[in-house]
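Just the one chain here, the form predicted alone, laid out as structure tokens.
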């Protein structure tokens, strides 16, 4: 074969290989966990890899949902039964990382994020996946729990053993477990060789890689009803988590009572309608969204700085929008006449 023919054959072979290469395609599945629908979308050139990954994710989510529900006879239920004794006991290994990270995040947030207030959550009726119908709890019951002052800092850890110095502590990871679970799902996908995916748990999500040949684009729900109030483009590895008073609530005698309880007064936090956090970690974003909601319209910038969160959108009870400078550079407000907003510097 002449050199010209050899070169031509090599080019044709290369073109044939390129033409034969499969293209990345999206593979999606909707799963159920933590009382919400979890949409998993994977971009890969292997249908078999996508199916195997989604099966593994489904198993992981089922395990986490079964064991981290605070009001069922499971791993967390056993912990909550033993914490009031004040004695040391062994905790399930899957639960210890949640407890350890919750303690750290609670301290960073000055206790505004605090999963130790499970008894208050139960008192308001928000211990199940469905919202209660009311009425609000008795003021005396709230005050009694406030006097007992359960906090994450009451929990001590020694290896795999834990105990509580406060019998009023009851753990409820409703403001944290979803973010932590999304992080674990992303870790599992990466272990299985998946580099481009998005895991959306009821509007709270983490995305890695890209959406085919473009960045991921996600919408932030309008707190006043249907549609989106803003959108974000994300690529690489980022999480978007929102806490809002429209997610789980009940109305009683003309007043709305939502599920985000302020540990300082034992009642639903006031002054804010929703908080959206963009961050590189789902668990931290989830906890921060709750803490900033509780902090309120005046104090959230200081708490965000303490927690290392620089991309935040806060919609207050009057409909005004406040953005950190870093978030203002990333977010796009949607609609013909978006609500007015102001930029607020973090201290």
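No experiment lies behind these values; they were computed from the predicted model shown. Positions refer to the first chain, counted from 1.
One more form of this protein exists, namely the form predicted in complex with a small molecule; it is left out here, but the text below deals with it.
A.B. asks: Can you check 116 to 124, 222 to 230, 72 to 80, 89 to 97 and let me know which stretch has heavy atoms within 4.5 Å of the small molecule in the predicted complex?
C.D. replies: One stretch meets the cut-off, namely 116 to 124.
A.B. asks: Is the small molecule in the predicted complex close enough to 31, 57 and 185 that every residue in that trio has a heavy atom within 4.5 angstroms of it?
C.D. replies: Zero of three within 4.5 Å in the predicted complex.
A.B. asks: Residue-level question: is residue 260 within 4.5 Å of the small molecule in the predicted complex, judged on heavy atoms?
C.D. replies: Contact with the small molecule, yes.
A.B. asks: Considering only heavy atoms, tell me if residue 174 and the small molecule come within 4.5 Å of each other in the predicted complex.
C.D. replies: Taking the distances in the predicted complex, the answer for residue 174 is yes, it comes within 4.5 Å of the small molecule.
A.B. asks: For residue 242, is any heavy atom within 4.5 Å of the small molecule in the predicted complex, or not?
C.D. replies: Close contact exists here: in the predicted complex, residue 242 approaches the small molecule to within 4.5 Å, heavy atoms only.
A.B. asks: Is the gap between residue 247 and the small molecule in the predicted complex 4.5 Å or less for some heavy atom pair?
C.D. replies: Flag for residue 247 set to yes.
A.B. asks: So the small molecule isn't shown here. In the predicted complex, which residue out of 181, 199, 169, 112 has a non-hydrogen atom within 4.5 Å of it?
C.D. replies: After the contact test, the surviving option is 112.
A.B. asks: Can you pick out, from 315, 283, 53, 294, the residue that has a heavy atom within 4.5 Å of the small molecule in the predicted complex?
C.D. replies: None of the others qualify; the residue that does is 294.
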